[in-house]
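Encoded as structure tokens, the following chain is the form predicted on its own, with no partner shown.
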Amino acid sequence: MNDLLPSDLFKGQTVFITGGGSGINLGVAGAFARHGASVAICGRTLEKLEVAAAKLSDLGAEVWYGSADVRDYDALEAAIKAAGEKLGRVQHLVCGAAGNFLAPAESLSANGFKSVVDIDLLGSFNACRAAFDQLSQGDASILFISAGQAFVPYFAQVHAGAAKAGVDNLMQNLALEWGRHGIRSNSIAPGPIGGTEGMARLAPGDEDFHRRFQRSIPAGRYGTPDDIGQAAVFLASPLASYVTGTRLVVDGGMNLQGSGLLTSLVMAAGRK
């Protein structure tokens, strides 16, 4: 990783990250920690949060962590309040908690669809609303972790696509409404990120699948959690002080070619 911005860029500022215990969101947390922020993370699995908190502490950050399901507004509100009391008011919020799985629409249950929408979209609104009192003190930012499914249809991703499209619309509405409170609102749409749970589920143990998939990406590789972390740091920083209502696509160019090749790879892997 090459940190080109000052290590004290976010000194005295607190960032709260939902789903911050692993994967992309932990990469985002690490990037903020390396740039001087105090970091609060929440998720559903306390043991995972404990491990993540230790890693963030090793980077020099003051850390708070607590278990909270983003679908439970009261629990999430309590977590955000506790983080603010421990670390100082939450100035940056990252809505990263998400759920996903491969499921063709004809076999997807109504409960499965609802579960993803509730975690991704309702959970994002819950976090924003619960953090509003702290964010609205000014010079604040909200970042949403979106996805290519929000703007490109993908096979077996109707639930995730609907949820993430809603997240991006939520982002733009809050940029419009909350700008007067000193809150900027943007989203990041990652491409395939290596070493994450989502990629592990895509084609477990199928090296040929991953070789072909990586070759198809214009950048020639999977992304890393830190690729997304650096984008998040930029969007939350003064460098992006006039950027709000924007979706930043960080996917190595993958979505430029649509979803056809990935669909064929996924279907071929499923027939093995």
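Remember, predicted model here, so these are calculated numbers, not experimental data. Residues carry their position along the shown sequence, with the first being 1.
As for the form predicted in complex with a small molecule, it is not shown, yet the points below apply to it.
Q: Given that the small molecule is left out here, which of 130, 140, 171, 116 has a heavy atom within 4.5 Å of it in the predicted bound form?
A: Of the candidates 130, 140, 171, 116, 116 is the one lying within 4.5 Å of the small molecule in the predicted bound form.
Q: Which residue, 112, 194, 88, 161, is the contact with the small molecule in the predicted bound form, using a 4.5 Å heavy atom cutoff?
A: Among 112, 194, 88, 161, a heavy atom within 4.5 Å of the small molecule in the predicted bound form occurs only for 112.
Q: Counting any heavy atom within 4.5 Å as contact, can you tell me which stretch out of 79-87, 180-188, 99-107, 130-138 lines the small molecule in the predicted bound form?
A: Every other range fails; the passing one is 99-107.
Q: Would residue 44 show up as a contact with the small molecule in the predicted bound form if we use heavy atoms at 4.5 Å?
A: Yes.
Q: Considering only heavy atoms, tell me if residue 166 and the small molecule come within 4.5 Å of each other in the predicted bound form.
A: Heavy-atom contact with the small molecule at 4.5 Å: absent for residue 166.
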